[in-house]
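To begin, one chain is listed below as structure tokens, in the form predicted alone.
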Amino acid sequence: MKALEGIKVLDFTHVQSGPTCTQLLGWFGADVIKVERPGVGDATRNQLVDVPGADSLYFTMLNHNKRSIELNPKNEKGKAVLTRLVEECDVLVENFAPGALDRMGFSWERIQEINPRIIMASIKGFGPGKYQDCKVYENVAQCAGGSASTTGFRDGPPLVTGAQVGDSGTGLHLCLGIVTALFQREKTGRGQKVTTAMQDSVLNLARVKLRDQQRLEKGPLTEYSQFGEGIPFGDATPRAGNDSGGGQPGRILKCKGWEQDPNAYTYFIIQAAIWDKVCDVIGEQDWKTKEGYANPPERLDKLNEIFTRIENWTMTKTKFEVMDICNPHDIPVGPILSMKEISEDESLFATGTLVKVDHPVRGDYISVGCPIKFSDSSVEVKRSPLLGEHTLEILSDVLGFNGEELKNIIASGAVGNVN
């Protein structure tokens, strides 16, 4: 049995934040019914297309384990179908612009009337306030949530991260909210509204920087490199380059081959507990007892010197040799892995973190699999649906339309071209 088997999800999401959430629910075993505009579908089907005539990887990698129905809710018959879907489903997920569902005639109050047990889950850019009606995309969320202002180097501009903390991060938060609301429904019998703002989700992921903002009011941030360099702090959490955010000094350092390979680097952390071992590995045994080096607080103004010495050692080793040497000593290091290296890592395929998926139009492709592993609920990654592929199946099997009623719905144009 799958964890969410028997749960029906009405998926009114598009692009990335919402589809991330509903794909997770599908991986957990829910029946996810993706509603798409007739003849058009999710906008990402045709964004960054690499195989002519096939859905893009942008779409396929965010819409596994779903069924697709084409539906125009502005059409009278389409509105009747949508009403039936709301009646039948346990969860409705949407990431429309504010007010879009209301304009369709499906406000939260109306949805509750149709199905008091339904969970209505929404993603917005901002929570209530002066920006609540603003349109938000990934990088806007990173900037508004505090991630960009604290990412990059002190003498450079703010930077966004390649990790999709705005879109996919918000989808993960919303998925947790939905599962929690379903759990509460088991006790109360009532549905509820669940909302996640992208700004809020990014801020939750950037909480250590909010921590540092409050620490800064009490004095300098001693674990930041600029403290050791004697550079005064301003009134806001600064960009810290590749300094560790956990209070243990860390840096990204060059490894053998860095001149040709842009990813020949390792992350190296010098925890107090393994300082003696670090000194042994790099051949600076006298630093174990030398004044100004032996104790962690005394080392803070010498981090540039210390990491330069460590880097002189790492540049004589490949990033994987650094791992092999340091791990037996419990020295925390990690290779900077390229997406090419990750996509060729057989251990990630063995655990289902990466999967190979067969698509009827584009052929085989690699995708991210479910990052959450269960001991008693299997996860099978199924290909994304073609546009409207399951329209007839959903109308008849899920909603119970048949005979003349089904013919009339199809003839009305509310559900696209049904084959």
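Numbers follow the displayed sequence, beginning with 1. Worth saying up front: this structure is predicted, and the values here are computed from it rather than measured.
Quick note: we don't show the form predicted together with a small molecule, though the next part is all about it.
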item: Check all three, 14, 71 and 95, heavy atom within 4.5 Å of the small molecule in the model of the complex; value: yes
item: Option touching the small molecule, based on a heavy atom within 4.5 Å in the model of the complex, out of 104, 336, 300, 114; value: 104
item: Listed residue that, although the small molecule is not shown, lies within 4.5 Å of it in the model of the complex (heavy atoms), from 81, 136, 205, 255; value: 136
item: In the model of the complex, residue 100 touching the small molecule (heavy atom, 4.5 Å); value: yes
item: Proximity of residue 37 to the small molecule in the model of the complex, heavy atoms at 4.5 Å; value: yes
item: Close approach of residue 124 to the small molecule in the model of the complex, 4.5 Å, heavy atom; value: yes
item: 4.5 Å heavy atom contact, residue 174 and the small molecule in the model of the complex; value: no
item: Interface segment, criterion being heavy atoms within 4.5 Å of the small molecule in the model of the complex, picked from 236-244, 73-81, 292-300, 147-155; value: 73-81
